[in-house]
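One chain follows as C-alpha cells, the form predicted on its own.
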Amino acid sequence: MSTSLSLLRSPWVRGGLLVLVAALLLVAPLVLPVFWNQSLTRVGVFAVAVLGLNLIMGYTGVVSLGQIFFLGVGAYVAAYGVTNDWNIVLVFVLSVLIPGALGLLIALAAARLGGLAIAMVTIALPIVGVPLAKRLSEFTGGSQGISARFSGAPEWTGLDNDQWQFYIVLVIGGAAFVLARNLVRGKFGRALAIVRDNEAVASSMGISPYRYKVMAFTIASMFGGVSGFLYLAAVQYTSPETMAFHHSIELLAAMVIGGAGSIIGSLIGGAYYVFVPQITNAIAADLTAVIQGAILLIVLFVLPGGLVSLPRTIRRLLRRNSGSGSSGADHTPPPREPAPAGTSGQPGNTERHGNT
C-alpha cells in the first residue's frame, strides 16, 4: 500500500492523471446525451458558487449565508447586458465586478462584527434581494424574471447548444478553480488560515484580520458573480427565485458535504447540489428535505471533513488494521540455549580459582 501511495504522490503520476481528466472532460460532451451534458454543466456552475463560499467560510472561517445573492446579481447583470446587446466580454466583466463591488461594501461594514452578527448580515442579503428584484422590474423583469439567450453554439463549431454551453462552463469554471487554487496555496491562503485559526496570533504577526476578511469576502462575491454569469449561460433565464434564501442554505450544505476548506470539495459540493435533489425527488418527492437533512447529518458524523476526506479516512483505517494485525503476532522470545559446561549460565559467573 505504501508503494501505491508513493506513486500517487509522484508529480509525473499526478500530471498524467490531470491530463487524463482534462481529456475526458473535453471528449465527454461529444459522446454524452443532452441530459448529462446539461446536468454536468450545472454542476460546473454551482461548483464555482460553492468555491466562492468555501473561500470565505472554509478558508477564512467567516460565516456567510448570502452567497446565492451574488450569484443572482451576476445572473441579472448578465441578462440585462445581453438583452441590451452589450459586448459579451463587457457583460462578463460587469457580471463579476458589480457583485464584487457590492461584496466589498458589505464586507467593509460587516467584517468587524463577530460570527453571529456577520451571519445575520449575510442572511439579510437574499431576504432583501428577492423583493428588490421584483420591484426593479425595469431591469429584472419583475416576478416573471428575464430570459437571455446568448450561449447558442456558433455554426462554425458544428456543436449543439448543450455541448457549447458545457465548454463555456468548462473553460471559465476551470479558470476560476485554477485561480482559487493558486490563491489558497500562496501567501494569501496562508494568511487566511492564520486568521481563521487565531485572529490574535494573526495580528501579532502583522496580518490584519479585518483586511483579509474584507478581501476574502470580496473575492468570494466575485466568484458568485462568475457563477451567476455561467448560470445564465446554462439556463438562459433568471428570476427572483434564483436568489431565494433556501438556495443559500443548500449551497452551505453542499460545501459542508463536499468538504470545507477544499478545492476538490467544492467540485464535489457542486455535484451534490445538482444530483442529490434529482435522486431524492425520484425516491420520494414529498420527503426530499428529510432525506437531504439525513444525508447531511450522516456526513457530519461519519466524515466531519466532508466527502473529500473519505480517501484519507480509508487510508487511516487500513493503517490501523495493519498495525493491529502486526501487534497481534506471536512475539514469544526463542528458547535460551543451555549454558556451557562449567558455568551457571549467569553473566560474570566464571570458573573458581584456588582449588587445584
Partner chain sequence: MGTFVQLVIDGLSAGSIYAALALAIVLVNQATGLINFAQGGMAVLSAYIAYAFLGWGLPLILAIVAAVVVSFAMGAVIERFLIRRFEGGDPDTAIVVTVGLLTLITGIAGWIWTYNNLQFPSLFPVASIDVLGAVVSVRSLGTTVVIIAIMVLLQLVFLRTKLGLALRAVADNPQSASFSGLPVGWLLMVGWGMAAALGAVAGALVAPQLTLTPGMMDTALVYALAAIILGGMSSPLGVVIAAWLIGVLENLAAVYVPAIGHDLKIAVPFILIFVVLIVRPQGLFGRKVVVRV
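Only a predicted model underlies this, so the values are computations on that prediction, with no experimental measurement involved. Residue numbers count along the first chain shown, from 1.
The same protein also exists as the form predicted together with its partner chain; that form is not shown, yet it is the one meant from here on.
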Does its partner chain come within 4.5 Å of any heavy atom of residue 245 in the predicted bound form? yes
Contact test in the predicted bound form: residue 152 vs its partner chain, heavy atoms, 4.5 Å: no
Please check if residue 308 has a heavy atom lying within 4.5 Å of any heavy atom of its partner chain in the predicted bound form. no
With heavy atoms only and a cut-off of 4.5 Å, decide whether residue 57 touches its partner chain in the predicted bound form. yes
For the spot marked by 124, 286 and 293, is every residue within 4.5 Å of its partner chain in the predicted bound form through some heavy atom? yes
Going by heavy atom distances of 4.5 angstroms or less, which of 263, 82, 96, 110 would be at the interface with its partner chain in the predicted bound form? 110
What is the one choice in 171, 132, 90, 282 with a heavy atom within 4.5 Å of its partner chain in the predicted bound form? 132
So which stretch, 66 to 74, 299 to 307, 34 to 42, 312 to 320, is the one near its partner chain in the predicted bound form (non-hydrogen atoms, 4.5 Å)? 299 to 307
Stretch 235 to 258 - residues with a heavy atom within 4.5 Å of its partner chain in the predicted bound form: 245, 249, 252, 256
